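Here's a solo chain for you in structure tokens, the form predicted on its own.
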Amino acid sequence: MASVIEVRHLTHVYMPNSPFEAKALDDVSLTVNEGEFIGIIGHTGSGKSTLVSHLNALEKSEPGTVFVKGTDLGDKDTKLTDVRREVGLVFQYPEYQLFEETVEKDIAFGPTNLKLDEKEIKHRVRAAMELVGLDESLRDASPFNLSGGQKRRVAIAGVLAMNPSILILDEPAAGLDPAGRRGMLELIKGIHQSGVTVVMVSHSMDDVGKYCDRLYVLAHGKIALSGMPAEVFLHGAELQSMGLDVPECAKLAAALRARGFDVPEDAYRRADVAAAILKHFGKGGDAQ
């Protein structure tokens, strides 16, 4: 599987050589492969947002190197506009960045700046709206009159209209109610299934356990743990020491194993735990 992002020994210090010097990243290395859904987890202040800001060169650091599809983002000859077309970055609360008078104009802002023809711009706006689940009837609506969840979808559609092959989202479900949160995460799942490589920053173990292929856990600016969700969740005590937790079903699985149930070590999803319980009591069938 080909890598699309490689971070090598990245360190970032804010306000160096001052009384307020703070090391946000400390010798971080990671790889994102094409087509993956990667989760970056960590407590507040662990360096998550600083890390993803380097992935399309909004931040630059030395020492350390970031490659996107083989291109060194620190090379003076690298065209950052090309990189930012390839890597779309959605910040926390992206709806605060809406500014145009209609939904269509807001989504079209990026493609318009690329000097695309009007037919292509309209096609990209329509495709992005469809991908994020916005009805065609909202094209002429003011984005400021929409619900919070709809505003966020407009903001994400504006990034998708640039046709990135990699999408990075920093806490995309922050501030949403439970229904809105589920809808947003299912939306991101759909974007991933459309062929986009996704990197999602989160502090929710339940969310990353459900959606992500691999995880990187940050603590104090370092990669503390990495691997598939099942592997990471086995380090419950270590995660708790970082101010994190494991999914509720992983806790239940551990408690059941302690009571003699034959629950696999890598069980952390509801269906897996339910199946183990049914098997324990001699009942077959699929668990939903």
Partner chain sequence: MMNVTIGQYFPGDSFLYRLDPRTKLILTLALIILVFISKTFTGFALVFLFVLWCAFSTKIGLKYMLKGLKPLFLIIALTFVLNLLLMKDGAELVHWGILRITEGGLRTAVFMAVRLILLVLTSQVLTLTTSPIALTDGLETLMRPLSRIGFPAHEISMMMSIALRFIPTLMEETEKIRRAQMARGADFESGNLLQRAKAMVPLLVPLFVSAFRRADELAMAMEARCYRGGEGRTKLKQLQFHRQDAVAAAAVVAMYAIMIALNALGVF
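Model, not experiment: these values are computed from the prediction. Positions refer to the first chain, counted from 1.
This next part talks about the form predicted in complex with its partner chain, which is not shown.
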Region of this chain that lies against its partner chain in the predicted bound form, out of 54-62, 32-40, 215-223, 232-240 [heavy atom, 4.5 Å]: 54-62
Position in contact with its partner chain when the complex is considered in the predicted bound form, options 97, 147, 78, 142, heavy atoms within 4.5 Å: 97
Candidate from 162, 121, 131, 174 lying within 4.5 Å of its partner chain in the predicted bound form - any heavy atom: 162
Its partner chain in the predicted bound form reached by all of 206, 209 and 268, non-hydrogen atom within 4.5 Å: no
Contact label in the predicted bound form: residue 126 to its partner chain, heavy atom within 4.5 Å: no
Non-hydrogen atom contact residue 192 with its partner chain in the predicted bound form at 4.5 angstroms: no
Its partner chain contact at residue 15 in the predicted bound form, heavy atom, 4.5 Å: yes
Partner contact for residue 89 in the predicted bound form: its partner chain, 4.5 angstroms, heavy atom: yes
Stretch 236-257 - residues with a heavy atom within 4.5 Å of its partner chain in the predicted bound form: none
